[in-house]
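What follows is a single chain, given as structure tokens, in the form predicted on its own.
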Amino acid sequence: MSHDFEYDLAFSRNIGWVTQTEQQTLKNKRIAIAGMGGVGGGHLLALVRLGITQFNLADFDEFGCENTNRQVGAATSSYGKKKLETMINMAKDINPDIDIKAFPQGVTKDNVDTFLDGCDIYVDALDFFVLDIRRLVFSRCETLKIPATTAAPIGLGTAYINFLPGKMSFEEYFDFKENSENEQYLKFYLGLTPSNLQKHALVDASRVDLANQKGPSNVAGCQLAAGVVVAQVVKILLNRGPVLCAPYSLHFDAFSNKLNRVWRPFGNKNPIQKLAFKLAKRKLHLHSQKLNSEEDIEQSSDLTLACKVIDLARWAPSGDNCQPWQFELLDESTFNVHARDTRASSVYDLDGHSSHIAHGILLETIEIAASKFSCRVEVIDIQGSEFSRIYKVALKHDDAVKPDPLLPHIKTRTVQRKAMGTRPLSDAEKSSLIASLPAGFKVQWYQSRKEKARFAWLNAHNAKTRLTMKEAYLVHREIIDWGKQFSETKIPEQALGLDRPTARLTQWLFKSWRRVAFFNRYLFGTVAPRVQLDFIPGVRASCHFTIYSEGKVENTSDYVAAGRAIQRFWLKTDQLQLGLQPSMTPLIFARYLESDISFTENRNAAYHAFKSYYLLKKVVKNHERVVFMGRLGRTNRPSSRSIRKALSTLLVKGS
């Protein structure tokens, strides 16, 4: 085995897919690549291994930690170093004889012709959001009759389009003229992916942030794009048969196992593309404020320790995403949590205990978040009014505190309201969930087919109480964000689990209690939502469960402690990749009945509540000590979810 570089030997394994003559042709070609980041670095190294020996390369950026997930040149040793210099060194480590003309200032209006000079093909690898320079380079390629190819990482796949001399141009295909900057981004995206195969893999659309020029990307798409570029370069430079070019494009999605060849005559002027543009523009709210722009604010070095912890902890769940808390900063490591209950506005919180559970969930989330910064948490419960409490939180640095294993799941934990897989939990999964609970709390499993059916019927029966009470209607009317995939303050419609016709009907009904009451009484209005939201999901689950306290649960402190236990259990389910849906209203109404708390003026609803109460006592063991109940199942992450208020909204000044 030779240890000295020799071109013919180094690339001898290419022979067979190309001839020896063709390999020499490739050796003498020059390729221009603009951008050495997510795709450009991979393109360069792949083309060097193809045997290309002459390059014009441009990039002005540096590698950073945020590039690690997808950029071949990003490593701890290259953080802070120029991408162009790093990639040239990596390329020359493969072939020390390559000839590279470097453009460390990037491509500009002044050097674009020099950048393209002598090149046989241009490979587009500019950042998605660099449209002005991209348009300039493609325009010059058209004028200079240089073929150009772009292969973009799209989700867990890649989409590519070639632009050849004498064929449809880049500008003709994408049709950017007279569009705003954000609209140009959208047209570029739709033009690259007219078949939209990647849509099922995107689980959090809020990460597509046009205003901040950020979007999700991963190594699978980048590596696939590099392979596609090599194939297109071989075809174009060696004249190996017909080349697919605009208005044709090809999209391969490894996640959905699909390959689509798309023809869009007239490009983005095509009626199909125009409709897609109109719908996408409406969905992404291009003319409104940016989506969740402060989501990653905790990464800012300007924030105090207290703000960083709060910004993570604000992702704690609460009933109907009401987020009954605000934060008062006292100093860099101390703050007050102003926690209120929602009894004045929610029939599900008439004794305040539902909110007290949420307060406990928040305090546990604060403690987990603080572990990221090697801090332990000291909490002092300052007695507030009957309806609110103040918790003073002090963050104390402690080298012995290590990041909690549940820390990564604070933001990803969510509610799965739809039907899930029914494969039972394994003994190891159960043991892990049991171990997540602190002392004083235990879990009871209900996973036989009969038990799941009984729980499904319990929840469906209880739903009739909820859906026929005006008191509950007043809550439901305010907490649903209709037509939304994400909501900062409510539950988005798409997360409910209703099919579209039922959702539209429900939205119309919720405009008036008289409509709801008439529909319920004469047209079986509760049937569809009870079946879709309660019975079918109740049966389609791995199991139902209850978390119960070994002691009596009587006062606020008991419910706060229960909330802490619930959050650790919930985060553990996310770690185990299990979906969870709470089903708390049977417990809440049972507690009201046992405490003689009046919660409805509707006699029929009260009658159903009593029937549900007796059913609860038959189905649930030790119901009087149960603090949380729900169902678990195997499922993909929900594509729709509640998000949270911005940090700036949650911070208040002290009086």
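Note that the structure is a prediction, hence the values are computed from the model and not measured. All residue numbers are counted from 1 along the displayed sequence.
One more form of this protein should be noted, the form predicted together with a small molecule, which is absent from this view; the next part is about it.
Mapping the unseen interface onto this chain, K83 falls outside it, with no heavy atom inside 4.5 Å of the small molecule in the predicted bound form. Although the partner is absent here, P317 lies within 4.5 Å of the small molecule in the predicted bound form, judged by heavy atoms. Shown alone here, L505 lies farther than 4.5 Å from the small molecule in the predicted bound form, counting heavy atoms only. Residue contact with the small molecule in the predicted bound form: V309 places no heavy atom within 4.5 Å of it.
A heavy atom within 4.5 Å of the small molecule in the predicted bound form is found for one listed residue only; from S583, T342, Q71, T573, this is S583. Site annotation in the predicted bound form: the residue of I361, V393, L467, C245 reaching within 4.5 Å of the small molecule with a heavy atom is I361. The partner is not drawn, yet in the predicted bound form one stretch among 171 to 179, 428 to 436, 409 to 417, 85 to 93 has residues with heavy atoms inside 4.5 Å of the small molecule: 409 to 417.
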